[in-house]
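So this one's two forms of a single chain, laid out as structure tokens and tagged structure 1 and structure 2.
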Structure 1
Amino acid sequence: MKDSLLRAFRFLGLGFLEPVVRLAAGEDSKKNVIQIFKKVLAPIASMILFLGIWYTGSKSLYNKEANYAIEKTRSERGDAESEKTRDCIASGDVSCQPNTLPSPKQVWNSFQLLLEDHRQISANKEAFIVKTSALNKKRLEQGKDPIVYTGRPSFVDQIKTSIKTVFAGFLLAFLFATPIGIIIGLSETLRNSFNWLIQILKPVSPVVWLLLVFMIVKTLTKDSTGDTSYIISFISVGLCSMWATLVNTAVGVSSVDKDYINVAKVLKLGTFQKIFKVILPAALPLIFTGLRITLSVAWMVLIAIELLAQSPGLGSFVWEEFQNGANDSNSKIIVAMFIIGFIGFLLDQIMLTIQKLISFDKGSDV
């Protein structure tokens, strides 16, 4: 039971819980207590410290902003009005609260409000579907398009859209970069011929890729009446993020042990057999490292691309809240920041788990 639990925790990236399991099984109490302190209690303490610094900083900025508002009112409208401003701020009225860095509690409250908003929007969608089901059935029988819900997406809907976009971009990067990386990796001449192009295009900004893709897609879809922002977004994400996979695949293929190649020659394997049975398995650790980097980069650039392309997703959510400037907008932006970071972490763990499943290289959890 213990060994199975340990293997499961390591597989899921929860190796820091290993000393807890070993202590519960009665192994070396002193050693495991020390390890629990290092791997479990110390990180929890750092989280508490982070929240404490955050709360203190937000409180300090709040007080500074409040004092500024009071003093500004005094200088412009007199003492009586400044006292009214002070009383309004003290009362907690949202209409006069300083708009600055939100506290952890405010961020948590905004997170709950966003979830409640999602539940309300989901209920409205369900009611709309029920209300229009009979009419849509008739429209379909007549060969017409059904009436669809066009209300605003919820925060959760925008998360789903961003995840869908990043996986579409990642798939594009994988399908484009991996074959090219294999071909270039097999030929030193090709590597030397195209290295200059890779080195020039690799550091290009997501903004430039977005503009390039926009030019091409808009030209190709000039007569289309549909929204092309999603297509522009995922293609831009794929082009921005594919370079790590391309380079790592080429390096992995080109650095395969020559003994493996010689064995393939002795066994008289064909070109494709040699690639799929010898070269790719040996290069898989480096290829997966490139894929993990590609997915991480794709998720990072996605937010900026969604913001610029005005396509649905977390990027546009952050920009809309910034433009909105409401009292709780800052809190919602911080919620989005944590969600973006958490999803990025999960995506990396998913890639690491897949790598462990299909690769012989089990040594690294980094």
Structure 2
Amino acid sequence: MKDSLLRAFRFLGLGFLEPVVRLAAGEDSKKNVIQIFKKVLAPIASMILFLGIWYTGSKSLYNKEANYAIEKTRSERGDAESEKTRDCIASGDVSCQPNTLPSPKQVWNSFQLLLEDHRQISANKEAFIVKTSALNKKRLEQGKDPIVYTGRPSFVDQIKTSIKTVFAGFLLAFLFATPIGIIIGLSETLRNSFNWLIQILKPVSPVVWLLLVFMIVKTLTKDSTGDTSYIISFISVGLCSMWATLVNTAVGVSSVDKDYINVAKVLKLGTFQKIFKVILPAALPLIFTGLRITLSVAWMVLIAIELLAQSPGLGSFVWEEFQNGANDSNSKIIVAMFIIGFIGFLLDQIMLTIQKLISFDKGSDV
């Protein structure tokens, strides 16, 4: 029971809870208490420290902005007006709040608000679907397109769109870069002939990729009336992120341990068997490292690309909030920042778990 629980925790990346489990199971209490302190309490302490620094920082920025606003009114409109501004700021009225780095509490409130907003929008959507279902059935019979909900997407919807885009881009990178990487890795001639291209294209900025994809997709989709921004953004994400997989796969395939190759030669394995039984399994750890980098790069550039391509998702959410300049915009941006970070971390954990499942090299969990 205890051991399987520990294994499950370790598998899920929750290894830090190990001493808690051991303590609960009644093992050596002194050792485990020390372990709990090291693995559980120390991270909590660092979190508190982080929040503390954030809080003081935002407080001092807030005061600076407030004082500046008061001084400005004083110099422009006199003492009486400046007193009014001071009172207004102190009262917490939204109309005169300084616009700066939000405090942890404001961010938390915004997070709650966004969730509430999501609940409301979902409810609206459901109500809309119920309301239009009868009508849609009739329209379907008449051969017309059904009426769909076109209201504003909620924050959660934006997250879903972003994840969908990143997976489409990742899949594209995977399907494109792994086979090419394998082929290039197998042949030294191909490697030499394409190296320049890879080296030149690899460092190109996401923005330029986006523009390039835009040029091509725009022409290709001349006849269609649909929204191409989604296609453009996922193709750009794929193109930006595939290089890590391409290079890692090529290196992994070309640098398989000489011993394994010798064994394959001595046993005179056919090309097919040699590739699938020896070279690919041996290169798998490096291929996976590449895929992990690809996924994290994909997630990272996604935000910038969505922002520029005007395609829905977290990127456009952040950009709209920034343009919006409403009172709680800043805290919504910070909420988005944490969500982006958290999802990025989660994606990496998923990749790590898959890697552990299918790769022989159990040692690489960095």
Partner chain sequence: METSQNIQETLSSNEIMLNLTDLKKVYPTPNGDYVVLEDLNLYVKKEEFITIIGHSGCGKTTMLSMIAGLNEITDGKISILGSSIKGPGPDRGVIFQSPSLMPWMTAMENVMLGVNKVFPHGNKKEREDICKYYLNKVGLSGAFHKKASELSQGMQQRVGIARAFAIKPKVLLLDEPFGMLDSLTRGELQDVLIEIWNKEKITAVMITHDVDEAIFMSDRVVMMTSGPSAKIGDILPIEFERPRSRKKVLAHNDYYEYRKHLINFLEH
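Throughout, rigid core stands for the largest set of C-alpha atoms superposing within 1.5 Å between the two forms. These numbers come from a predicted model, not from an experiment. Residue numbering: sequential along structure 1, first residue numbered 1.
- prompt: 1 or 2: which is the form predicted alone?
  reply: Between the two, the form predicted alone is shown as structure 1, not structure 2.
- prompt: Does residue 264 move its CA by 2 angstroms or more between the two structures when the core is aligned?
  reply: Yes.
task: Take the rigid core as the frame of reference and indicate whether the C-alpha of residue 20 shifts by 2 Å or more between the two structures.
output: Yes, the C-alpha position differs by at least 2 Å between the two structures.
- request: Answer yes if the CA of residue 199 moves 2 Å or more between the two structures after aligning the rigid core, and no otherwise.
  value: False for residue 199: its C-alpha shift is below 2 Å.
After superposing on the core, C-alpha shift for residue 273 between the two structures in angstrom: Superposing on the rigid core gives a C-alpha shift of 2.5 Å for residue 273.
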